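Given as structure tokens, the chain that follows is alone and in the form predicted on its own.
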Amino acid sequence: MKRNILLIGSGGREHTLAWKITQSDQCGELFVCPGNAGTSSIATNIDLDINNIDGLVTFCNKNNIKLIVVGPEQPLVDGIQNKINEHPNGTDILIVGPDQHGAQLEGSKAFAKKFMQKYNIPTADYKEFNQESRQEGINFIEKQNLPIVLKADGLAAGKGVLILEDREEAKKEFNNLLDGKFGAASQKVVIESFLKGIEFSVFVLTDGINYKILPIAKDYKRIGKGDTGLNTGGMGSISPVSFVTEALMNQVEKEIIKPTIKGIVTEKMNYKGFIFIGLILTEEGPQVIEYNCRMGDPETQSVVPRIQNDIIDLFVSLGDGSLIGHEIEIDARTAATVVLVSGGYPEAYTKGKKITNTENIKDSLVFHAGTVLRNNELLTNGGRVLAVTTLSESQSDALALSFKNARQIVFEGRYFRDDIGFDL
């Protein structure tokens, strides 16, 4: 049975999902809103206001769309699932993504920390502060061991976490956050203990009761080599992760995944979609850094190519109760993703730079993020522009080929990290 599908988003994650969706025999017409130059080559990009639920549902009904896949977090935190399913003409549309309640696991750091505390999920000690408790926060910083971790409570485009080695700098940034550094997202600030260890990402697909674990990945957030410089949305990723053993994953499932699903059930979240669990392996064992209510970017570019299942089958199973009967089939090869960014990113950068040579890359996958087609020319249209993903029998070969092909792609100011995977 062919299915028409609407995919919401415009980044590398969405191009990767679109690429995977179109491989399915069940894929009818795929629409991407708003999409990018990459999605336009395999699907139909559309310009819809996703906040206009009447218009969105009308489009879905007109185009016989019964499945919507929500890529980014903001629409989920804004309650797109609730709004569509509560619409008189939207009740039979399956949304891949949690309801607004479930999306608070990403939308509010304080909500997530309370959730973890309630369900005994290992995470760093913390306290939350707002305008009224500003002085208490300053006093709390005085007593904290260095480094000090500050987190904007709400969504801040992946830039709302600050790790500071200087106490005075921490107090200054704490005040900046409360004074609106990230707007409404930092009206509340979480201060937590610093966890020392190595990070990795676990992805779970759930229908709100049952779950399946997807391939594990590790991403690289810092702009500079050796994990230095500013945090970004992500400079690359690798899947699988060499230090994540079967024994470690058994521990993660027992201590983190199962209690998380129990919490989702107990809290009556209507959760049909992805849970991204950001973890750190400490001397005390794995601990949760954060939850996301969708797939990560650029982890998607390494994880999804390793999933051998028909992804539409998996999505449909979230609505009909059949997820429990599926087994996730995983390509044993390593996927290595290198992200090419605009000069100046993650700070000020210019758009509209001509991109050449993407069509000459034959032995890696090239996923578009910040790109646009104008007058048949491929141009940069964002900070993170492209991701090059290679699948190979060995991690070193996958990385070497991704680096080689990243060098082949040319645009003014192009930058990428050529040390992804150095710590594995």
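Heads up: residue numbers just count along the shown sequence, starting at 1. In this text, all values refer to a predicted model and were calculated from it rather than measured experimentally.
There is another form of the same protein, the form predicted in complex with a small molecule; it is not shown, and what comes next is about it.
Though the small molecule is absent from this view, in the model of the complex it lies within 4.5 Å of a heavy atom of just one residue from D207, D310, E192, D78, which is E192.
K221 is the sole member of K221, K353, H101, K171 with a non-hydrogen atom lying within 4.5 angstroms of the small molecule in the model of the complex.
The candidate stretches are 331-339, 247-255, 209-217, 148-156, and the one lying within 4.5 Å of the small molecule in the model of the complex by heavy atoms is 148-156.
Looking at K272, you'd find every heavy atom of it more than 4.5 angstroms from the small molecule in the model of the complex. Although the partner is absent from this view, A184 stays clear of the small molecule in the model of the complex, with no non-hydrogen atom inside 4.5 angstroms. Contact annotation: R306 falls outside 4.5 Å of the small molecule in the model of the complex, judged by heavy atom distances. In the model of the complex, the small molecule sits within 4.5 Å of a heavy atom of I163.
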